[in-house]
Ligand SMILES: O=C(O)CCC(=O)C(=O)O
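A single chain comes next, written as structure tokens; it is the form predicted on its own.
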């Protein structure tokens, strides 16, 4: 359905470039459909980090070269790789909750229980129209179908604003092994800024998806606050809960050796809530905090995946759980996902809500400036739940 564009300059520049190439002892044999005729089959290849990160081709551009084996820069230690063959990975999963009766107390109870036990749940009949979900998925494919030069206009080096950022992996400068993912990250400030600075090829669809999710986000937060005996959401609480929003378009291209790398490493989100739209391919795994095993989150048509972020874990004094999750690489199809991160404002101070300490409970977390917490998260590679220690009392 989606066509890729050849990279014209490679015919001439390729012979002058030098790269590290990794030979895998037992390569996984996979069928790929490269969009250009060049294939990397020996050690005379390209400088991976320069090509992917600096020149803006991303891992998508790397995948389109027809790789037969995974470059060593993407090979993760064995303990970080996926073992998807365990029974729990596919025979147990997070709750699926029907929001068509969202005023029913039983639905609110199911939401709060899921937030406490799993930190994750899926919702259907949430009120965001199916065509809006499909449109933003199509727009994601269109953006990543742009040339490297076009996408690089939104990179850290070239973007006219820090609120629009195209990149690859997570924090390449801090990572020993890169992640098999490209992304476009959009911080919503105002309709006017989005209209003038977000990429035109996906701007309208992203805005419609973000706006269309506002009602269900507010309803979910209302239910979760009621579960904490917070009966009134004043201006300060509203800012702490949903003062800002960031939306990411994530692209996970076909990988030659998906068993050796990751799409996204182990982490928990720094948001209040994350609302994730995934396609029909799958690859999201959540940590079962009781067994410590990884659970696959199967795609459900029309659903949204909701997870508690660190900010809500802190505000709930640990009652709601922000749980480790990660994404596998895929050897068969290109995968996309579109998360909306509902966050406090950067200038907000977050800590346990007063209602959580009224009965004499000990605060598990100190009060921290949210922007400091986020900066700490992005200063390092993904490292599971380590970020929450920044706010530990």
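On a predicted model such as this, the values are computed, not experimentally measured, just so you know. Numbering follows the first chain given and starts at 1.
Keep in mind that the form predicted in complex with the ligand is not shown, yet the notes after this line are about it.
Quick one: which of 66-74, 49-57, 358-366, 339-347 gets within 4.5 Å of the ligand in the predicted bound form, going by heavy atoms?
After filtering at 4.5 Å, what remains is 339-347.
Of 242, 220, 306, 284, the one that lies within 4.5 Å of the ligand in the predicted bound form (heavy atoms):
Of the listed residues, the single hit is 284.
Which pick from 94, 276, 102, 128 sits with a heavy atom within 4.5 Å of the ligand in the predicted bound form?
None of the other options qualify; the answer is 276.
Under a 4.5 Å heavy atom criterion, is residue 267 part of the interface with the ligand in the predicted bound form?
Flag for residue 267 set to yes.
Since only the chain is shown here, I'm wondering whether residue 62 would be in contact with the ligand in the predicted bound form (any heavy atom pair within 4.5 Å).
Residue-level check for residue 62: no, no contact with the ligand.
Does the ligand come within 4.5 Å of any heavy atom of residue 250 in the predicted bound form?
Residue-level check for residue 250: yes, a contact with the ligand.
Just to make sure I understand: among 311-337, which residues lie within 4.5 Å of the ligand in the predicted bound form, judging by heavy atoms?
Those in contact are 325, 327, 335, 337.
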